[in-house]
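Two separate entries follow, structure 1 and structure 2, each one form of the same protein chain as structure tokens.
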Structure 1
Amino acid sequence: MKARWMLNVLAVLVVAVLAAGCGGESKEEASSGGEAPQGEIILGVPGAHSGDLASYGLPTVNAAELVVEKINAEGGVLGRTVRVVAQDDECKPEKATNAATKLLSEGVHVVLGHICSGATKAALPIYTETRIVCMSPSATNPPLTQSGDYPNFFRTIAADDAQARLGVDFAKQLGLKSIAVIHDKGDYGKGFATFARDFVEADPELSVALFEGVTPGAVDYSAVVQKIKNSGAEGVIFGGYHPEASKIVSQMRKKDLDIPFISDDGVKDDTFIKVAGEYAEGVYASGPRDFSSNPLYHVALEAHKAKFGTDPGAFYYEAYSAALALLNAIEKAGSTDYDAVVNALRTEDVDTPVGKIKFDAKGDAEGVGFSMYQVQDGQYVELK
């Protein structure tokens, strides 16, 4: 009998050592036990915490813990303490539904996740059915918000088509009516251009003069430039990277085609200015909004450095902002009631590292994402 008791002690010790040995997992083990005590608010954080894509998911867990730690130290939300419950989905849709179900059985109040678009899409119906607010820092697939199927879904990152939206809106603002949409036939460039074309077509005041792909690396683009010229386009929206953009812009300017050239993040690169030289002047390109001047950005950065000793990883600021937005909404709503929280998310501004945000009717954060930049005197300048 005594030997058996010793064995049990040994087993417990081994488990404890193992758990301590692998920090990432111990967190989940430690936090995922039992029913939520009355009064606690549970913040579910599902995402890729192991596997190939763990580097996308773990920074979100860090962000959630830092925000919760800070808020609990300040007295919690509505006087209740907040607890983080992490669930691993490895970015796999089939595991994401499991993770969601587990979170529900833990009595989760709001969800910060998932990380990957595919996993998010798989898990969302579960949250929608049970009326749980779900906010992702990283799922950029446009239909997640735009389809309107998931009124409980929000995100603090811009959707994949946000750049195209910005480009088209900007072209309209410049007074352009007829637009040539050109791309480099690649996934990124063609994806951007296809969104841009659809937005232009959807707007009754705008029309697509031309929609064409060019071959990357071709020796010259004079034929396509002539075609743009003859299409009567008043502006060009280009989807692709800077090598093609600089060739096309140079040839346009050499052929006296002095119409606005609007492009994407692949062109918002200093190499573009270096290579295209004088021809780069006046070119517009969208790029991620610069929020490094925001004081909260530095608060989040310093908190991470102080606790983990490293610079934060992918989607950390988006996750930090999402956690703040969720907890702020509960505070403003005065309860964890679904309708009240959703209403607060849509109406109450909250200061976050990515700026002062609230959410539109579809669930996208207003004021995050991309800005338009223009080359002025050999530099990209953000246009406000």
Structure 2
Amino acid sequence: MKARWMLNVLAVLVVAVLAAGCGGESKEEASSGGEAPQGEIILGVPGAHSGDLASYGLPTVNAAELVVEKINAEGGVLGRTVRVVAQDDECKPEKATNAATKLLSEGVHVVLGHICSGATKAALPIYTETRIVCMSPSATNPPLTQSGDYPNFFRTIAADDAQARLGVDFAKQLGLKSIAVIHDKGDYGKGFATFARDFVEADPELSVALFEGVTPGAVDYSAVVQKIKNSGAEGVIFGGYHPEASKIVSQMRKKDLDIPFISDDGVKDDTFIKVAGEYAEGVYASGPRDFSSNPLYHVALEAHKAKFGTDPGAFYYEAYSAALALLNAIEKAGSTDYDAVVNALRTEDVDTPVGKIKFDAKGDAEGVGFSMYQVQDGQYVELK
């Protein structure tokens, strides 16, 4: 896979060099992936736009389109029109590399995405190699920023270690002592679950009754449900996404295993409630804090309702904030030059629906965090 994407990147770079020889590409254009036609600034938006996890990716496309529409109406960025170019990766790592390569061939300047941590991790080496800033509204795997491998990566959501800490602390507040920690074996789900397990093991009042991975896409999870039951666990912490969580919760309840189920922002989505139905009631899931008191939150909300006729989906406000941050950084940098844009992201505050933010040296947005939610009467309610 690594050799494959390197060849793809080299092919894109060869095309860019040839173009420079014919058209006199500037230094700024070379550092940002190539100048787009008519001087446009290209905002790439890769993510899950189809498949089971489209409910996570499509809100990001909507957010990008709405931000760009507003900014273009106000004169664009640096007097240039901004254009959104979307690429579907279905949240699959093997498709994420292809999506990234296609965006490079489009002359993308900055990237809003990817959505899932595994897909983000797969695509990041391509953007890093070609010095393209990439900002995710939802990829929470800690090493994406904490490893130091991706200086071009930023995110408008807190990392899984903070989310796992919240989940374990909440389990303790519920009075649970023996906890089954389940995950979907992916970078995101397993990463979250591993942090949760470690936090449980570090607490002398808690114990891990079971640490188990499940295969995504399976129809029947009765085997792991039986293991949970046999373990004597008083509650479950699950790391992963809503397709697996909805099946596990449903099968637990059908087997009269009515113990607390605590999960992550991969499950805090209305699709989980629709699929799990009555069995979703009472489930806990962490997610980004409620920013509804922020005036820009309402600007973003009303813009979505006006254009699409619905309330936004998961990670919409984080994506809207990321789009604003990226385009503001280009404006403040005075160019699409990679180093200038990175510096602006780290030094220039920008008002967004998730608050006034800038990014630390690792690429994490300062001041963002998680809250715990519970399904009550068919909808997620933030617990104070």
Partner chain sequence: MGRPDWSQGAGGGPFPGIYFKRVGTMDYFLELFFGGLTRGSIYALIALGYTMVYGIIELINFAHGEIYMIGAFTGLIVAGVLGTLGFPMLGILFVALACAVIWSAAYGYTVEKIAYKPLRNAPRLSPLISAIGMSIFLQNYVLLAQTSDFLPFPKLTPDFAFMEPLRSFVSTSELFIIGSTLLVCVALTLFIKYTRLGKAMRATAQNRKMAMLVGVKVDKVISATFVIGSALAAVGGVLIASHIGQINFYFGFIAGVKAFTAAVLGGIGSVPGAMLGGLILGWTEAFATGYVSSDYEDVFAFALLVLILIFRPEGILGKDSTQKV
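Because the structure is a prediction, the values reported are computed rather than measured. In this text, rigid core is short for the largest set of C-alphas that superpose within 1.5 Å between two forms. Start at 1 and count along the sequence of structure 1; that gives the residue numbers used here.
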query	finding
Structure number, where the criterion is the form predicted alone	2
Hinge between rigid parts between structure 1 and structure 2 (choose from 291, 121, 75, 207)	291
Rotation angle of the smaller rigid part relative to the larger between structure 1 and structure 2, in degrees	66
Cα displacement of residue 370 between structure 1 and structure 2, core-superposed (Å)	3.7
Per-residue C-alpha deviation between structure 1 and structure 2 [residue 165; rigid core superposition; Å]	7.1
